[in-house]
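Okay, so we've got a single protein chain in two different forms coming up as structure tokens, structure 1 first and structure 2 after it.
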Structure 1
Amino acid sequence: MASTSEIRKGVVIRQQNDLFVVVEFQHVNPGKGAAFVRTRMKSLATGKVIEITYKTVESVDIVSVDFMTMQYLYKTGDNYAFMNMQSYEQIEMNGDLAGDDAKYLKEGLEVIVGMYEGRPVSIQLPKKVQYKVVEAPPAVKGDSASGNVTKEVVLENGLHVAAPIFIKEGEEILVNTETGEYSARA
């Protein structure tokens, strides 16, 4: 049994005789009362999403998961294909398990895949990923008068991101995968 402080995104927890992967979590420390951890978890067997709140004094049954670096290859239907960098073995992950992180995947991107009993259960993206801007409206003179002005640009994977007005088509930018925001020029 483990402490609730060890709950993170991608961790697998045994709950109600089923295995759940943590999709979202939030450590809450209210000014009055005891601290707690709010989680959204997806069942590995059924795909059902549940929300559970744990008090910090509770213990949870965290299941051991093997993590390995893999390279994203391509998408087929609802599945995403990854390749083990050492053995060149390929695996496919259901799009439901990839969740919102799937929109940041691009060919050749190295991610950390959590494996439980030989099947993928979660992915961890790098904090920042480099993308090429394929569509950016031109900046208009006078736009910078109000300070931090942004425009919506389209990236090579189809993702729309608010970027500063000086970003042009063809440039490489870094996007924060935790917030989905522009981070810097590459």
Structure 2
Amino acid sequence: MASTSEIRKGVVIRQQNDLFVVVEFQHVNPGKGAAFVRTRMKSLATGKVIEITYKTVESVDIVSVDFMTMQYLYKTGDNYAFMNMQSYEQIEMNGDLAGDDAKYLKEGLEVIVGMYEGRPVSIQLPKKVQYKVVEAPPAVKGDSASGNVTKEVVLENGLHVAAPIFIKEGEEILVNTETGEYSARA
């Protein structure tokens, strides 16, 4: 059994004979009262999402997950293929488990993959990822005067983001993977 302070994204919790991977957690500590951890977890068996709130002093059954650095290779059907950077072994992850984060993957990107009993259950992306801009409409004169300070650009992996009008095709930019927003020129 473990303490609730060990709850974070990607850990796996055993709850009433089912295993759940934590997708979101939020500490609730109103000050005038007890402290809690609110979690959103996805069932490894069914993909169903549940919300459970634990007391911070409660113990939770966190099963052992190995976090390994892996390189993203390619998409194969509904799955995503990664390579373990230490063993050079290749694994495939189910698209449902990768969830919305999958849209930030690009060939060669290093991510942290949570492995439970040899099976990938979660990915953690770097906070900022560098991408090459492959399509950027030219800035139109007067754009910034009329209040248009951003435009939509397309990145090497097909991701669309709003970027400042001065960004040109071929440039490298940093994107925040928590919000999907432009962060800076790389």
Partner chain sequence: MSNWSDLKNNPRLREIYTQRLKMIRLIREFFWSAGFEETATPAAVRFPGQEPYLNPVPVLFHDSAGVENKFYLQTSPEFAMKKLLAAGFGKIFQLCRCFRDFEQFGGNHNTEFTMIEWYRAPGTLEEIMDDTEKLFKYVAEKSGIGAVEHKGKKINVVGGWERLSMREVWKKYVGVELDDYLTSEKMAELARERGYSVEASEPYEDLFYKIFLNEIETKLGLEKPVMIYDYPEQMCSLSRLSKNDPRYAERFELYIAGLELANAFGELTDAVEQKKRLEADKEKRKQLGKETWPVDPDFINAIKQIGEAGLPAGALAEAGGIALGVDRLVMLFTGAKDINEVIFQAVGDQLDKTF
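For residue numbers, the reference is structure 1: its sequence is counted from 1. Since this is a predicted model, take the numbers as computed values, not measurements. If you superpose the two forms and keep the largest set of C-alpha atoms that fall within 1.5 Å, you have the rigid core.
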property	result
Identity of the form predicted alone among structures 1 and 2	1
Among V133, N79, N157, V65, the one marking the hinge of the rigid-body motion between the two structures	V65
Relative rigid-part rotation, degrees, compared between the two structures	14
Between the two structures, C-alpha offset at K9 (rigid core aligned, Å)	2.3
Backbone CA shift between the two structures, G31, after core fitting (angstrom)	9.6
